[in-house]
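A single chain, nothing else alongside it, follows as structure tokens in the form predicted alone.
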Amino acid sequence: MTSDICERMKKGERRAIAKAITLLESTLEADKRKSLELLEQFGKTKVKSLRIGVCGSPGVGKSSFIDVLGTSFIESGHQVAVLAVDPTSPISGGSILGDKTRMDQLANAPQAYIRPSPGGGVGGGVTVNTQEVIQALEFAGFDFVILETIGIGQSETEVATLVDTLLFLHQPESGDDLQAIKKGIIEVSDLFVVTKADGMLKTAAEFAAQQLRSVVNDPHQKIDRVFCISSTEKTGFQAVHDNLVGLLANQTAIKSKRTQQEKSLLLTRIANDFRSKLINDPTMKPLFKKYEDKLSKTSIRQTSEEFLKAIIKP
């Protein structure tokens, strides 16, 4: 079954891509074996791609920015996938924003694929399976994979562990001066984009861009990491496009960065798999219940230490 899915993915069949991602995101035990088979196939294929993270506060214009940027990639002969991590519905467990409605051009482009993905309550704006979903999209032939996050603030620094370059979007006159911008995002972001540089906000956007340059640009290097764009007028995008296409060509640097990221992601995966096993494995439940009952007599930290000693033998 998985070999058939892989063959169809290589041909660009959207239903096969969707099926593969559904298996990777599934929490059902029956789907885990199929997921592992898919990942084994993905790992055997060498791909040339660039993973782009796009973060910023809600309302900054992330979806509109991705719509114009992704279209510019397609016009230059590339294929684009967008993984839009949405807030999770507390009732259905599914995505509730539906970014396709805000990416009109990409939604109608045969060279693009948009996948809304429920955040599952994960604080960093990404899920534990996001990296695997990105691999699936690369296997399917998309050379630009754009990860649009929920937009919840500093915890989005976790996105930096999944992408080759992270873009931070900032809206002029949003009530956030540079002192209020979350420092963690500033430190991990690679490029900075001031949005809505049109109409009455154009002057304010240019001023905000100059403020950002004074903070993030290295005075010893002639590299400008700040861009000013308007998604409405589609201005300022050529410089962003050229910068990212240049990064795509530098696969040696990308490979080196991903090797370091994978070491960090391994620890995250082990922690999440252990938690899942603790909650769902029938052999673990009685033991966990035993230590839960101890909470009336001991502290949470002490109980945790005793539990770990019981399951991890020296």
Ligand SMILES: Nc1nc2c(ncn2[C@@H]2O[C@H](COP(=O)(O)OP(=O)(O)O)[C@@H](O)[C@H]2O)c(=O)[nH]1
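All figures in this text were calculated on a predicted structure; none of them were measured in a lab. Throughout, we count residues from 1 along the sequence that is shown.
Omitted here: the form predicted together with the ligand. The next part is about that form.
When the ligand is considered in the predicted complex, only one residue from Glu206, Asp104, Asp224, Asp198 comes within 4.5 Å through any heavy atom, namely Asp198. The partner is absent here, but in the predicted complex a heavy atom of Gly59, alone among Pro286, Gly43, Gly246, Gly59, sits within 4.5 Å of the ligand. Mapping the unseen interface onto this chain, Ser230 counts among the residues with a heavy atom inside 4.5 Å of the ligand in the predicted complex. Under a 4.5 angstroms non-hydrogen atom cutoff, the ligand in the predicted complex has Ser63 among its neighbouring residues. With the partner left out here, the ligand still marks one of 231-239, 77-85, 128-136, 158-166 in the predicted complex; by a 4.5 Å heavy atom cut-off that stretch is 231-239.
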